[in-house]
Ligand SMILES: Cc1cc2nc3c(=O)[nH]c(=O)nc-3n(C[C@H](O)[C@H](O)[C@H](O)COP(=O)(O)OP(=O)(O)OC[C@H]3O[C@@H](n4cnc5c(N)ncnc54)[C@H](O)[C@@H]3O)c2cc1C
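This document opens with one chain alone, in structure tokens, the form predicted on its own.
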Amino acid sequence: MNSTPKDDAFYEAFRRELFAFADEQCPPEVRAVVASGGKLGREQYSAWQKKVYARGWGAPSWPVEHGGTGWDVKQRLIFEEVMAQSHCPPIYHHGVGHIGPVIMKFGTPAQQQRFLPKILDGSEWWCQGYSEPGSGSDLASLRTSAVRDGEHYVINGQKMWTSHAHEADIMYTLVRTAKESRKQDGISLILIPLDTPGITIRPIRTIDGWHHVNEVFLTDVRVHQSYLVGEEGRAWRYAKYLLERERLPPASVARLTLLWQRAKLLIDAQADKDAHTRDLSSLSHRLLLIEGALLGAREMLSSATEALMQQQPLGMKPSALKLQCSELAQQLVELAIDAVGPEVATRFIHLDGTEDDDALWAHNYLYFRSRTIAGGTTEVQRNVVAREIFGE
């Protein structure tokens, strides 16, 4: 990290540089999807990753020796704020935010040379193989097995809720390589190319109507031992390291602020349209309370990001922030649904596949139901925070 003191003029120039880049490089059609709350896929994310990588910004939080920026905490937050305000896609998290740092810390030099450059330039797409039927919040109870056979592991089992597996090249996967008295022991982390024979990917159709999660079935899948990250049986440590980062996405508050701005514009427009038929003052009051909570979340994120970049323990900060942001996201889309009214349900999905802005709020509302479950349930996060405050 670059620790040289910087003045306000430097940060303002940096902010202007970011806005200029976003204006020049992010296609209008992509920005329109982001601005409306629509869904992006691999094609759009990867194209954007190539552009930020070409500018040297492909991994804002990585160390310089692995292709990172060397930015300080304030630059990191400004980057996320400007990209959100410009309606640019976030940096896709599975590669840059999740498995990349794990490979840097626990992987071999050969693995770093093989995988990190393709994460940086967006040419390889990753997904996470953690959850299983019956092993979601209780991740340590996973049963997918990996048995050594010479230089290979033979893997059998099933993964659930695997986001973007249908678009991914590689799945970073927790497997059980031994049965130990303590269920957190005997778990290993293996990188599984998804074109390996024996893999079947089936979509899970969710209530929001978008395809983003899947079931992944593994039947006698053979993976070379060189795809094992770290030590066999020690992956619980690596999983916790990754989950800390998963629950501390630097873009979370900036994107929530963008969502807040969309909700405010919506409520203002509805107030003008329904001035004589509806009183929306209660919605404006709820919006004000959410704004205050967002300011608090931003301070929490700034503190946690600084600790992360200084390689200090994060403690309960990721869980507290994940808890706050997931609940605020749900509050915002609930607010929007109350503003547009129940009639949007009839326009949720048009027969011709088109959507209007109000109907996208219905998509967002249904999609955001998962926010208090995905990446660690609200109940689990509250337990983490309670243990930190009150002790075991």
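Computed from a predicted model, the values in this text were never measured in an experiment. Numbers follow the displayed sequence, beginning with 1.
FYI, the form predicted in complex with the ligand isn't displayed, but the following is about it.
Contact annotation: the ligand lies within 4.5 Å of heavy atoms from the stretch 126 to 134 in the model of the complex, the single such stretch among 265 to 273, 218 to 226, 100 to 108, 126 to 134. Contact check for T144: no non-hydrogen atom falls within 4.5 Å of the ligand in the model of the complex. Residue contact with the ligand in the model of the complex: N383 places a heavy atom within 4.5 Å of it. Interface residue remark: K317 is not counted as part of the site for the ligand in the model of the complex, having no heavy atom within 4.5 Å. Contact annotation for S163: at least one heavy atom lies within 4.5 Å of the ligand in the model of the complex. When contacts are defined as a non-hydrogen atom within 4.5 Å, none of R15, T257 and L301 contacts the ligand in the model of the complex. In summary, among the residues V82, A239, V213, L280, the only one with a non-hydrogen atom within 4.5 Å of the ligand in the model of the complex is V213.
Screening H94, H87, R114, H152 for any heavy atom within 4.5 Å of the ligand in the model of the complex leaves a single hit, H94.
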